[in-house]
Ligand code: COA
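Next up is one chain by itself, shown in structure tokens, the form predicted alone.
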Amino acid sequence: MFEDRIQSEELRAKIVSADEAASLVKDGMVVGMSGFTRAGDAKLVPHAMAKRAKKHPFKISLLTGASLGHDTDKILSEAGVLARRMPFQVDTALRAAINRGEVMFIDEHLSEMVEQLRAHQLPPVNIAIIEAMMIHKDGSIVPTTSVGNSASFALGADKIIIELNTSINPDFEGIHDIYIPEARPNRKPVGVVKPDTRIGTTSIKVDKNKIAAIVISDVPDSPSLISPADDATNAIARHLTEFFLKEVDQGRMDMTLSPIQAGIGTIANAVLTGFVNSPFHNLQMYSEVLQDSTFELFDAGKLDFASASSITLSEACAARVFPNIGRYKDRLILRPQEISNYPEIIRRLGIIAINTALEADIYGNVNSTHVGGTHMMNGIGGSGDFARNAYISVFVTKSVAKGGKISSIVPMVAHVDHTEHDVDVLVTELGYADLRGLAPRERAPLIIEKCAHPDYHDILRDYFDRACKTVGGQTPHILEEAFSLHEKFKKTGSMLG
């Protein structure tokens, strides 16, 4: 029953239906909603908002931690509710609306959005809609499977709607570490010096008078959409293991490596799962999202501790882990995303950052977000926070897509999210290119040889050789041909022409 999860009798009087709670959201409002990579998202009120909008149209600006589950972005988008959306999404229907220009999408580094809110560079949050597993007597909110931006939304909003999710294992209480950095310009250092450092509270301390409505839910998180590892992702994992073993051999780290961050998705999850059969041990993670691989590593005795902002699991892994979360509790911390992605901490801890590229060019620039340079895929997420500040910044991708019709290695990326200055190692299923200490003219032959698919070797080598001979410069490019592969694909459906 929910009564033991709402410790204030005064707050129990604020229990309403999802429809009643949704009626508090008005046209033109800025809404801050919990949720980070399909975890810890509000599940009932947003859908009630969409239902209402079909009869009484209204629009909002929606801010979250990252992506939402339960097709919430799709449902809100198709109901015409979304005028603006930030900082990250993965939904196909919303993506289409963004690319049609119907929804204004602001693609943000995940560490930055609440900093802009605090600095009044963005309009203030009118209503926060936060999923919780417990509400203490003083009104403090215990989050569920993610923290994301929930704490800052709740603290800054005029009103708070809480979705109390009774399906969450009570053992989740105590995992969270809620800390909000001090005001600028005289902010003190954020005191995380190891992945397991705790610096905050286990709940979000709010004025309980701001809690306007409580909705009871028992809906679990949407499962992650991770595909099984395949030959290519297994090969990427082997190449990364080879690279790290070389780092150990060179005396730059030991077999415990440095704390690891890995982006969301199939490739990153498969790469980390590959560490189960590696010689590395006593690993630690300081990341944004904990996926299935985290718990595979825990169960294999390879991982000692993991800190992140959310836990996003497949259906099978969730069924195994969440009922037994107490087994992992003393080895986990969930933090606000501005702390999990805080540049100061990333630099201090010496993070190994492993993120995914859509495409990379022959000089090491990476496109993570835009298909063909124009159409948004998901967003930059936290990859920029980590890549710029990591001890070693790794980007992984398969060498080709669409059965070989698209090369992931191109002369010039059609959109730049991560410049060559923030990319240390590039890995595909064919090999890895260690770019540290190399000039652009040294990088290009190495990337082509080690990372590009053989079908594209001659094309890329010819472009580079002619650029060096006819144009020259620090970073040789024939501007008239730099996007020739993209143009071929647009015209013929294949970069091979």
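Since the structure is predicted, the reported quantities are computational estimates derived from the model, not experimental observations. When you see a residue number, it is the position in the sequence shown, counting from 1.
Unshown form predicted in complex with ligand COA; subsequent notes refer to it.
| in the predicted bound form, segment of 277-285, 203-211, 181-189, 370-378 with a heavy atom within 4.5 Å of ligand COA | Flagged stretch: 370-378.
| task | Using a 4.5 Å heavy atom cut-off, state whether residue 142 contacts ligand COA in the predicted bound form. | result | Residue-level check for residue 142: no, no contact with ligand COA.
| query | Taking heavy atoms and a 4.5 Å cut-off, does residue 120 contact ligand COA in the predicted bound form? | reply | Outside the cut-off, so no.
| Contact of residue 266 with ligand COA in the predicted bound form (heavy atom, 4.5 Å) | Result yes; residue 266 sits at the interface with ligand COA in the predicted bound form.
| Heavy atom to heavy atom, is residue 104 within 4.5 Å of ligand COA in the predicted bound form? | Residue 104 lies outside the contact set for ligand COA.
| Which of 87, 364, 411, 382 has a heavy atom within 4.5 Å of ligand COA in the predicted bound form? | None of the other options qualify; the answer is 382.
| task | With ligand COA left out of view, choose which of 338, 221, 73, 359 has a non-hydrogen atom within 4.5 angstroms of it in the predicted bound form. | result | Comparing distances to ligand COA in the predicted bound form, the residue within 4.5 Å is 359.
| field | Non-hydrogen atom within 4.5 angstroms of ligand COA in the predicted bound form for each of 261, 402 and 406 | value | All three within 4.5 Å in the predicted bound form.
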